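Just one chain is shown here, as structure tokens, and it is the form predicted on its own.
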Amino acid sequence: MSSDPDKMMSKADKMTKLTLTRWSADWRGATELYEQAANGFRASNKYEKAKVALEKASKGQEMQASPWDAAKHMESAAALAQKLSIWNEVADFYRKASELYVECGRAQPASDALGKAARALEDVKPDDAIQLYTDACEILEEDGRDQMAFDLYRACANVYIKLEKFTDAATFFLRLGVAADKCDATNSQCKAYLSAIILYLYAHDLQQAEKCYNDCSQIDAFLKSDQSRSASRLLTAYNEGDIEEIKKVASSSTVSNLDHMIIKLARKLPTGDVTTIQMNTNDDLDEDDLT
């Protein structure tokens, strides 16, 4: 058999087409050739051709009722699309791989595939990355694997922070808190709630920060935590206009144990005049009246 990958591709393509003399496609033989061709193309750095070969190999495995192997090939094709900066294919191929893993009943690799796509697209297509992270989380939630989604919640929140969508980022930390509650991961839960409160404060939304604190305080584990005490101190300092206390809490060990992206924001608190933040809780007040 020729070791020329282009000839392998041509032969494999013929094996999948029906003719007057070939009444059934030989997907097994064709898939083996596609796989060999992909290896040959990769070895010679012909990534575009290798990507096409892997797509066809994936299709071949599907036709043989082997969704796991089909998913593996599709992930490999996605990785090559990333190397070639073909971003729409990165998303499409990883999504297809995820669907194939779901077909196998394998939630973790299905979620992982979407997570890989999201990480690849964070800088070039952040909105697509957010949707991919969200879908990756939902696959694990539906499978009762909430604890495995913690890093995905954080990663999605991080993209929102880069886009300066702090309220959306806070929402994802609250989702992390709910997931942590289901898993009895109290420390992660309390850190997530404090992170959300810090995000609201960074966004100059004292009212929402207080509402978030009050809602979270309905949970006994949070109410008794160091994170709750830090949140309470922050909110009191904001209401009293005590900038030094805000800075002191933001530099505390409790805040320093949060995620890096939250620590960076906390260190910048207060981001403006705290009296201005108070003013935003009542649209009728004029800033000059706040003395």
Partner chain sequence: MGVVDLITRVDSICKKYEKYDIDKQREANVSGDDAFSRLYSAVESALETVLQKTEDLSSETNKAKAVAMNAEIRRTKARLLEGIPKLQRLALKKVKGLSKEELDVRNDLVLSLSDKIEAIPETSAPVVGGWEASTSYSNIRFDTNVSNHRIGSEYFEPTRESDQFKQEYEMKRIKQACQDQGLDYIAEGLDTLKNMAQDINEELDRQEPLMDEIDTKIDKAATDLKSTNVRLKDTVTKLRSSRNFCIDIILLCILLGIAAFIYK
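Residue numbers count along the first chain shown, from 1. These numbers come from a predicted model, not from an experiment.
Form predicted in complex with the partner chain: not shown, discussed below.
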Taking 4.5 angstroms as the heavy atom distance cut-off, pick the stretch from 186-194, 122-130, 75-83, 159-167 that is near the partner chain in the predicted bound form. 186-194
Under a 4.5 Å heavy atom criterion, is S253 part of the interface with the partner chain in the predicted bound form? yes
With the partner left out of view, is N257 within 4.5 angstroms of the partner chain in the predicted bound form by any non-hydrogen atom? yes
Against the partner chain in the predicted bound form, would L206 count as a contact residue? Criterion: heavy atoms within 4.5 Å. no
Report yes if any heavy atom of Y213 sits within 4.5 Å of a heavy atom of the partner chain in the predicted bound form; otherwise report no. no
The unique member of D226, D26, D242, D69 whose heavy atoms fall within 4.5 Å of the partner chain in the predicted bound form: D226
The listed residue (A155, A107, M148, A221) that reaches within 4.5 Å of the partner chain in the predicted bound form by any heavy atom is M148
Pick out the residues of 37-51 whose heavy atoms come within 4.5 Å of the partner chain in the predicted bound form. none
